[in-house]
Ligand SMILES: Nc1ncnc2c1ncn2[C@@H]1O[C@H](COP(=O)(O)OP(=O)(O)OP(=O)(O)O)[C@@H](O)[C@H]1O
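So this first bit is one chain, no partners, the form predicted alone, shown in structure tokens.
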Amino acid sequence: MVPGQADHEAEVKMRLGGVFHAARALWAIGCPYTLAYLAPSYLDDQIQHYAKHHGATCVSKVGSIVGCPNVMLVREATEAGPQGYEYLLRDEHNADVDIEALTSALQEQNCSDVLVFPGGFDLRAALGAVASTSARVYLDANFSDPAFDQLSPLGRPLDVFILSTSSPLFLDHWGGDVSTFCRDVVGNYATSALLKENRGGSRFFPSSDASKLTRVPAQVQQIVHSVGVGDCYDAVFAHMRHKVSDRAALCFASLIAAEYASTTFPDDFKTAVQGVLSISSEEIETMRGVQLPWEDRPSYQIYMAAPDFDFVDTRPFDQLVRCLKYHNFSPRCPVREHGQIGKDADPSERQATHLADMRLLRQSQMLVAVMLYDDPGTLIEIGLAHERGIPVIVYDPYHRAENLMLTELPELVTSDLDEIIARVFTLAAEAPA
């Protein structure tokens, strides 16, 4: 039996989200913090109790959520693909901020750092309250689209503007261009910027010169959930900067965020964090991980071997293709690119399509096979790729892989979509430039 398993099975967890992801991270690393929250009134007692149990020195309600139970639906918990966050009643959600309560909480606590997660409330008014402090201000705009004039009430640049490559703001406002993002944000709206790149690591830009950056790898391990992992990363980074260099702080944040993603049990998380904190700052800076910049991924060609014909249920294949595109890889689908060849096709057409498929396979750096059924063409492509030294991964959603050669030849055979995505990142990062 796994230690503590019986207790886990009996435990009923309160799944408070939102700012509590960052709060649990601060509790786990032993950082005193003040929690300012907005929530429906029926949650107040539970929030107060839970926050104080998890290390909050002060808990202040600074607004209410009305018109909607503050319940978030999550389509993809591990972020193998788009997470699909959506409020239960969608646009009925409305936040009413009590600026007087927020100002009072900030002035009484004399906080060194303020971490803001905008979205659904009056950001201008909130930053106007923060302006009365001398705290360093971190703003994570991952799931909001703040007009930049909303930042002006702060009266000074943000200390760190935080964004993820999975954010619609990064993709829509900056077109997924890292250099444009850096030039636009740093020096104009913030002193520095932090770009989190999911399983590909992160980059910290201390100036608008994109060459003067700090790169930190991701620590990829089994993911139980991805919800709030970025919030955990932010909180740890903000605190650890007071103790170690920015690079070391980012490394601690990366490793602790990975631990957060590996469990939904706070006590287990805290135990793991104590082990991470025992690592010296010098040692943690040398830890290896996965580092694969967003803009480098499209050049990594992935040959998708599967019988994705029009008479087959291709939903597992389609889902995997969407996941790879979400992470900015280039899945190449020979059937869809070169056409579906029927039994009655003439020999020249069959030969031309075969040669096009083989040319695409030679140009690819990886083969990902999807076992929709025991398709001979897919099995042959797996063997050809292996013989040519091309890494092979097999996604087996229906648990069909039983043959010895099929189970032992690939780098990985799994029915777990998250495992597929994690191994793609690892192999791509290890590939020769």
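Note that the structure is predicted; figures quoted are calculated from it, not measured. All residue numbers are counted from 1 along the displayed sequence.
One more form of this protein exists, namely the form predicted together with the ligand; it is left out here, but the text below deals with it.
Residue contact check for Cys182: none of its heavy atoms lie within 4.5 Å of the ligand in the predicted complex.
Contact annotation for Arg199: at least one heavy atom lies within 4.5 Å of the ligand in the predicted complex. Interface residue remark: Ser192 is not counted as part of the site for the ligand in the predicted complex, having no heavy atom within 4.5 Å. With a 4.5 Å cutoff on heavy atoms, Ser226 counts as touching the ligand in the predicted complex. Residue heavy atoms within 4.5 Å of the ligand in the predicted complex occur in exactly one stretch of 307 to 315, 255 to 263, 89 to 97, 153 to 161, and that stretch is 255 to 263. Only one of the listed residues (Ser207, Asn188, Ser132, Gln221) places a non-hydrogen atom within 4.5 angstroms of the ligand in the predicted complex, and that residue is Gln221. Of the listed positions (Asn328, Gln83, Thr353, Gln301), a single one reaches within 4.5 angstroms of the ligand by any non-hydrogen atom in the predicted complex, namely Gln83. In the predicted complex, the ligand lies within 4.5 angstroms of at least one heavy atom of each of the following residues of 230 to 256: Gly230, Tyr233, Ser254, in sequence order.
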